[in-house]
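Shown below, as structure tokens, is a lone chain in the form predicted on its own; questions about how it binds or moves come after it.
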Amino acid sequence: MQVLVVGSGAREHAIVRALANDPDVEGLFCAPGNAGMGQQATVYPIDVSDPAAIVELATGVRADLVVIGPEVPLVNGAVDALSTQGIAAFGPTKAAAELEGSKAFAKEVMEAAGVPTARAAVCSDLASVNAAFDEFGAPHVVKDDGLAAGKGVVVTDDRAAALEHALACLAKAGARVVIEEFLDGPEVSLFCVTDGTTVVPLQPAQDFKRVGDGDSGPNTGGMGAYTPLDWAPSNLVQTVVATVAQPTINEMQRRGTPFAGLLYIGLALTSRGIRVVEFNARFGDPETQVVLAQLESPLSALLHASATGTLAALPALQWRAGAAVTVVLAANGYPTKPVTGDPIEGIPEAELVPDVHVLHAGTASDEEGQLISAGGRVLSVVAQADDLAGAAGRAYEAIGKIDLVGSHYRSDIAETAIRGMIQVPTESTDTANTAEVTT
């Protein structure tokens, strides 16, 4: 199989790495890629926001499968363009990708499908924003309706700060902002691969969105993740598929816009039961880095079955024992004003730590061939071990060997889980599934 992976982050590097280790993959290409992906695949620096450019490249390399990593090509219709040319593509169509492209649309679908989620108000002016703040109270949850690269959400007790973010979201022409009630309880990420009918769940993970230890500071694209979740209910995955994933896929099919690809379900395990925090239409970063590290089944067969409508015939997925942890190394100044162009040293030394691999995100090579920083989140250090504590220990041992001036990382990834400090709230008698969405 000839496979083209679209994207340039650590998520795509994790996909490339899994495919490079897949015996069914004979040719591997990526666009635009990064310095690390270029070691395992042939890199083509095209504009991946342009569906026509993706089709031209896929045709040129005779790709049997195109895997779309980031959200922008999906929302721009890359899968539609590839399908028109008869090229199998992993990911939803432009219409189906609205599940991520518009949080208001996602809420509408959830309501129609009977999916449990937070109460929400879709606002287009200051008066409706303030009314929603009054109704839901603090902490205030404010979400940009459109794509925001993981940074469009503010959760704060400070009403002035919440209002400031809401007004920034509404500053764009025709924009809307979603105000939600705050959900208590730990959060979980569950990836579900689907072909529009069948749903195949992957192993759940937990990520860390805020930049600083103890969940302090602003939201980022994600500073680390781990899997599995030994503290989660044993029937969690089965319950989420039955009450969230399958009803959503059925509703999208009923609307005439079937969703195939990866449905990312962000969940909160609350005192009122499972509640959906958000949907994304692609693999999440950095959870992909740990989930794919633990996946034993060939990745190409799973993604190709999704793209060709044959998931029901796929054998059950196999998973490695033990745990995986990833810690993100971020550039100086991230997430506000990341500094780029600084040399990176120590990756070979980091990968000498047993069962550690380093995935590239914001990296490039300068004219002399020196590896340099080229983005906010620069590297993901992934470690595996027999248990979570062992994996975290290896990840931190390895990341300590990498030198990038001014860089920073969280020192508490998976710490609360290792210490057994995560508590799932006892479910109350209020178990109403859906919540009204006002506009």
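Residue numbers here begin at 1 and follow the sequence given. As the structure is a prediction and not an experimental result, all values here were calculated from the model.
Although it is not shown, the form predicted together with ligand AMP is what the next lines describe.
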ask   = Heavy atom to heavy atom, is residue 182 within 4.5 Å of ligand AMP in the model of the complex?
value = yes
key: Heavy atom of residue 304 within 4.5 Å of ligand AMP in the model of the complex   = no
inquiry  = With a cut-off of 4.5 Å between heavy atoms, is residue 143 one of the residues that contacts ligand AMP in the model of the complex?
reply    = yes
ask   = Using heavy atoms and a 4.5 Å limit, would one call residue 241 a contact residue for ligand AMP in the model of the complex?
value = no
ask   = Which of these stretches, 357 to 365, 243 to 251, 270 to 278, 128 to 136, has heavy atoms within 4.5 Å of ligand AMP in the model of the complex?
value = 270 to 278
note = Contact with ligand AMP in the model of the complex, heavy atom within 4.5 Å, among 236, 155, 122, 163 goes to 155
task = Note which of 118, 177, 81, 265 lies within 4.5 Å of ligand AMP in the model of the complex, where distance is taken over heavy atoms; exactly one does.
result = 118
query = Would you say all of 17, 26 and 40 touch ligand AMP in the model of the complex, counting a heavy atom within 4.5 Å as a touch?
reply = no
query = From first to last in sequence, which residues of 101 to 116 have any non-hydrogen atom within 4.5 angstroms of ligand AMP in the model of the complex?
reply = 103
